[in-house]
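Have a look below at one chain only, the form predicted alone, in structure tokens format.
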């Protein structure tokens, strides 16, 4: 079934009667003998048992079944019609979810639930979940982030920098990418027997300091280029500016400035950072939640700085993933799914997450809820608020190929380069060729 066929069936009978009734039990068929079950597939721990119980108390006609998100199981579930009603996704995958006909157009629902989802109250990150068929950030909403973070900001470990004799970066002025790689190389140290003393740099996605789709897309766009042609029909990893970025990362892998697929370091990046074995961590505001829990006594050893730049002439600081969810177009209970979606993405869980410091809220009027009791809290929040000015420049993600596939292709062809068994030029040609095949298949599926 094409995307257009899927998205014409946006509303089911009785939706209008249920919208706006978020604080009272949902209206269900009087003949129903048991509650409707809404299955939500999300990373474990995203929503608490207490939040679920609170929702079910408000809405006795709905039961929530939380399952751990498993991308590998979804294709078979879609095919059999047994997929979860609400499914985790990211801003980088949302266009692909829409083009595959998976994500429901929730704009009609949003329009009738403005008491919760007032567009004027949205932070810029919400636009990552808009798609008009050509441009991300425009058109109707097909989902919402649960929270967000300027994921390309860098956390600095003061102790590691001082031990390495490297001057601390400014807490306000962004570093250049050249400075990041240069400092990372100076910080990195192994003993004569090859035992790690400290790494210079890591990136939270897969915990590896090597090329990754979201990060590479961000870096390319900072230089005014894209990994894709204007109509997304062709991969353009062979662009000279993209090649230059990839060259830096290949060098970084060979110099072991951070964990990577060659040294196969399986240590969690958070533990490396708090044990003073890592100087810089590319993550974002959400990492403050981890630090508060894992290293409460040494928080003053760490601080966050804005995302790196290539030139002061152009700066952007969007989220990398903006993890959120969509309602599956094949859900048999769209009205009840929307009631659950409204709660988990617009009500109590939003407040709980904001107060925890594990992410910034998608609502402007909830920003005051994030931790700001201490000087450390306030310093981190100051950087995050400063990033808001640059968070509306969205990354161009290809709607015809998902992020997982792009990363798999990149890894397959770049790994031989890391080991000196292939050249970067050859790898890039293979990456473009493989991705172009996947794009054509994706365009065919979308009916384009």
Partner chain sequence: MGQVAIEQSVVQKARPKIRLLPRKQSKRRALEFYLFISPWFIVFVLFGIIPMLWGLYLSFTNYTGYNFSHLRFIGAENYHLVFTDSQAMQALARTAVLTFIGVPLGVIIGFLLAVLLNNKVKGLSMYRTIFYLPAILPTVASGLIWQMMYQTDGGILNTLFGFFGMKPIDWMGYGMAQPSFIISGLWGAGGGLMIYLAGLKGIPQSLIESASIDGANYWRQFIHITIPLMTPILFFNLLMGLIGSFQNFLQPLLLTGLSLTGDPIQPIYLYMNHAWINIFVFDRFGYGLALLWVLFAVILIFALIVFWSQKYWVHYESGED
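Positions refer to the first chain, counted from 1. Quick caveat, the model's predicted, so the values are computed rather than measured.
Below, we turn to the form predicted together with the partner chain, even though it does not appear here.
S.K.: Just one of 109-117, 304-312, 76-84, 233-241 has heavy atoms within 4.5 Å of the partner chain in the model of the complex; which?
M.R.: Only one stretch passes the 4.5 Å heavy-atom test: 76-84.
S.K.: Answer for residue 416 alone: is it within 4.5 Å of the partner chain in the model of the complex, judged on heavy atom distances?
M.R.: Output for residue 416 is yes: heavy atoms within 4.5 Å of the partner chain.
S.K.: Does at least one non-hydrogen atom of residue 57 fall within 4.5 angstroms of the partner chain in the model of the complex?
M.R.: No, residue 57 is distant from the partner.
S.K.: Is the gap between residue 127 and the partner chain in the model of the complex 4.5 Å or less for some heavy atom pair?
M.R.: Although the partner chain is absent here, residue 127 would stay clear of it in the model of the complex, with no heavy atoms inside 4.5 Å.
S.K.: Would residue 62 sit within 4.5 Å of the partner chain in the model of the complex, counting heavy atoms only?
M.R.: Contact check for residue 62: no, nothing within 4.5 Å of the partner chain in the model of the complex.
S.K.: Does the trio 72, 266 and 411 actually contact the partner chain in the model of the complex, every residue with a heavy atom within 4.5 Å?
M.R.: Yes: each residue has a heavy atom within 4.5 Å of the partner.
S.K.: I need to confirm a contact call. Of 282, 102, 160, 370, which residue comes within 4.5 Å of the partner chain in the model of the complex, counting heavy atoms only?
M.R.: Spelling it out, the residue with a heavy atom inside the cut-off is 102.
S.K.: Heavy atom within 4.5 Å of the partner chain in the model of the complex: which residues of 391-409 meet that condition, in order?
M.R.: Sequence-ordered list: 402, 404, 405, 408, 409.
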